[in-house]
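What follows is one chain in structure tokens, specifically the form predicted alone.
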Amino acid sequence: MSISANPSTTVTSKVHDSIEEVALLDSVNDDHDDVIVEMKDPMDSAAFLTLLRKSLTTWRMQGKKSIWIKLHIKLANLIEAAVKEGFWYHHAEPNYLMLVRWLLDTEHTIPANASHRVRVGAFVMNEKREILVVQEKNGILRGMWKFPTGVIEQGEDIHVGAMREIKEETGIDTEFVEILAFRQSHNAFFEKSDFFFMCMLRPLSRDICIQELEIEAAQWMPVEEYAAQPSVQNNDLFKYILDVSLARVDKLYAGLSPVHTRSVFSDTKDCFYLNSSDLNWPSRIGN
């Protein structure tokens, strides 16, 4: 195995009037003057430890605050060396692990890993005042008639994810209308918090085709029949969801619809959700 297929950088250090070239781990500085090391290529753990120690000494002399090491999954042999040098796990993705270390002699200000999972629920009513409901094969709500729900994927907008989840679970095509309300709960998924956005969508098709892996059954159910279920009558959250959804249908309530704005982080577009019906639109924009 090679000592380092990952290119290293060097810094010039003056020691007792002599010039010394010190090899460091290849790195870049971020906008906060922290150091980011991305390890992609195989490296012997002993060689990595030597470079890491030299790099930490140099970065500390340079006044760097925190050091981030992104280890791709095939470099798991380097984890132990990094942990022994004071790094801790920050977060993990399917193909890499991110470790971090604070260098200053102060309490660290490193931001925590993402703290929430984002889920959606879908209220879909047809012209007959029938609502789209499903029964799941697994989970604590198994066997109960409920609205379609699902988890938003990374990089996916809420309204796009809501339409995708309905299509996947029931085969129904929809048009997004609004976010009606949202709930925050804690200790939901691997001790993470949970944002649940209840959305209203308009059906564009009627024929149901269920996702057999997760869904036991799906149907168009008269809203009165759904409301009469003990699971709805005895649960405050389900009652609130139904009440606000029907208020929106009867135009007694307005939710939040998406508008596209320029991202502050990249050249892409973000979605900003607002109640446009109560806004003097668009005359207030830019004022």
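Start at 1 and count along the sequence shown; that's the residue number. Here the structure is a predicted model, which means the values were calculated and not measured.
Below, we refer to the form predicted together with a further copy of the same chain, which is not included among the displayed structures.
K.L.:
Exactly one residue in 256, 249, 49, 221 has a non-hydrogen atom within 4.5 Å of a further copy of the same chain in the model of the complex; which is it?
P.N.:
Contact check passes for 256.
K.L.:
Just to confirm, with a 4.5 Å cut-off on non-hydrogen atoms, which of 212, 93, 175, 207 contacts a further copy of the same chain in the model of the complex?
P.N.:
By the 4.5 Å criterion, the partner-contacting residue is 93.
K.L.:
Mind telling me which stretch in 85-93, 142-150, 165-173, 127-135 gets its heavy atoms within 4.5 Å of a further copy of the same chain in the model of the complex?
P.N.:
Result of the contact check: 85-93.
K.L.:
Is the gap between residue 216 and a further copy of the same chain in the model of the complex 4.5 Å or less for some heavy atom pair?
P.N.:
Outside the cut-off, so no.
K.L.:
Answer with yes or no whether residue 237 is in contact with a further copy of the same chain in the model of the complex, where contact means some heavy atom within 4.5 Å.
P.N.:
Taking the distances in the model of the complex, the answer for residue 237 is yes, it comes within 4.5 Å of a further copy of the same chain.
K.L.:
Using a 4.5 angstroms cut-off on non-hydrogen atoms, would residue 225 count as touching a further copy of the same chain in the model of the complex?
P.N.:
Answer no; every heavy atom of residue 225 is more than 4.5 Å from a further copy of the same chain in the model of the complex.
K.L.:
Should residue 104 be counted as a contact of a further copy of the same chain in the model of the complex, where contact means heavy atoms within 4.5 Å?
P.N.:
So residue 104 does not count as contacting a further copy of the same chain.
K.L.:
Using the arrangement in the model of the complex, list in sequence order the residues of 168-191 with any heavy atom within 4.5 angstroms of a further copy of the same chain.
P.N.:
If the 4.5 Å heavy-atom criterion is applied to a further copy of the same chain in the model of the complex, 168-191 yields 179, 180, 181, 182, 183, 184, 185, 186, 187, 188, 189, 190, 191.
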